[in-house]
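Presented as structure tokens, the chain that follows is alone, the form predicted alone.
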Amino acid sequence: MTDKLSTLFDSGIYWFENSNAVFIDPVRAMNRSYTRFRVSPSAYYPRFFESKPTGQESEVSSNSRKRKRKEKKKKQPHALNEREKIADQRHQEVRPLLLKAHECLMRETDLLEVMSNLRSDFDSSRGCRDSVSPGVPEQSFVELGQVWQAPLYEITLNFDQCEKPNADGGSPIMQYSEQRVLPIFDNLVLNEMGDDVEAEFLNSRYVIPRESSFYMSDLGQIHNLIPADSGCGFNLIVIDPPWENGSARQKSRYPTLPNHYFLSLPIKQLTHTDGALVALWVTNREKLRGFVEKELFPAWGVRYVASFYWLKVKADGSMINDLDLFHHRPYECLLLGQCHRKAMDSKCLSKSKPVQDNQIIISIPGDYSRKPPVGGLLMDYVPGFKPARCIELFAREMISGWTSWGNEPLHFQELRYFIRD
């Protein structure tokens, strides 16, 4: 096994030599947050983008060509408007970088072989899957948080699970050394232990990573996370807003918000005294990019420094869509900026390095709108002393050592997404 593959199996990150590209296996990267559970690869990748059999693929390609010919007869090519021209210019600038990164991937035959098996539960030998039946519907935290009973809902955290012998000599009884019952909404729920814990809410069970916390609320309550002392603020702030888009609305995947709602996020007040690296996920819509550059970052007090690109690929390494498909390009953008409460001193500056622009992150997408974990890639660029204080806004899952805020940070923490060790 090569050193690069060993690093991938250990950290979930595969570094390409002499390249600005990196491959991420989100499952292995996230498993670093857990001690008694493992993220289930088959649950993480519900739509693995596997290659179709040769015959089926040729038939689909033939039908696709016929459909395109019909569409060409019906539609005359329209001239790009000014906004579309700017978007196309951005695409043309990053296109060579994406192609070069993809070429690096396709040369790594050992990595491609590993990728083809990422969906298998490689760690299932450690223990049987102990999850909720797939037929049980997931909790709608968004709906529950809006009802008048929301302040009364509680979550139970079960610490230090252990087996006690049965007095009758039967199967051992599972017991807990400590249980904590806490309000689940508008409250900071913390697991400060060195082990992940199992939690219960209504009829479902959840896994809370070690040394992590979540605050589940709507946008109006986020100010409760602003620390009284800026020395307890955050050095890394990752944001994945529910931008308005037709696909999310049509599929009813999650509620979206108009752009102007995000102007009220108190990014500067959440920032640590030593400053923060802010990482914002955006779509390829030019209207949105313009809004972020001209309105959102200035309102937050964030100075833009670099762009990363997430290139989405299938299990065989091919891109999920044609690179030049105008409205469905196979990549998304992560905009990076810096936010400071006051000027940073030389000690803080020496603790972080300048962000390298135009880095390419390659991975196979998980569930709809689920982003790969990028914290490990960003940590070198985070200002201030380590360990950094990190928060994800509009989070739908949790990470060890991080605070997760949003109206459904437990969405992907349900036991159905895990395998018990």
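The first residue of the shown sequence is 1; numbering continues from there. As the structure is a prediction and not an experimental result, all values here were calculated from the model.
Omitted here: the form predicted together with S-adenosylmethionine (SAM). The next part is about that form.
In the model of the complex, no heavy atom of R28 sits within 4.5 Å of S-adenosylmethionine (SAM).
Within this chain, P241 lines the site of S-adenosylmethionine (SAM) in the model of the complex, having a heavy atom no more than 4.5 Å away. Taking the partner from elsewhere, L219 is found to have a heavy atom lying within 4.5 Å of S-adenosylmethionine (SAM) in the model of the complex.
At the 4.5 Å threshold, heavy atoms of R396 reach S-adenosylmethionine (SAM) in the model of the complex. Distance criterion of 4.5 Å from any heavy atom to S-adenosylmethionine (SAM) in the model of the complex singles out P255 from the list P298, P183, P255, P227. Among the residues V114, V142, M193, L263, the one placing a heavy atom within 4.5 Å of S-adenosylmethionine (SAM) in the model of the complex is V142.
Figure note: of the listed segments 79 to 87, 229 to 237, 211 to 219, 99 to 107, the one touching S-adenosylmethionine (SAM) in the model of the complex, with heavy atoms no more than 4.5 Å away, is 211 to 219. Every residue in the set R370, N407 and F412 has a non-hydrogen atom no more than 4.5 Å from S-adenosylmethionine (SAM) in the model of the complex.
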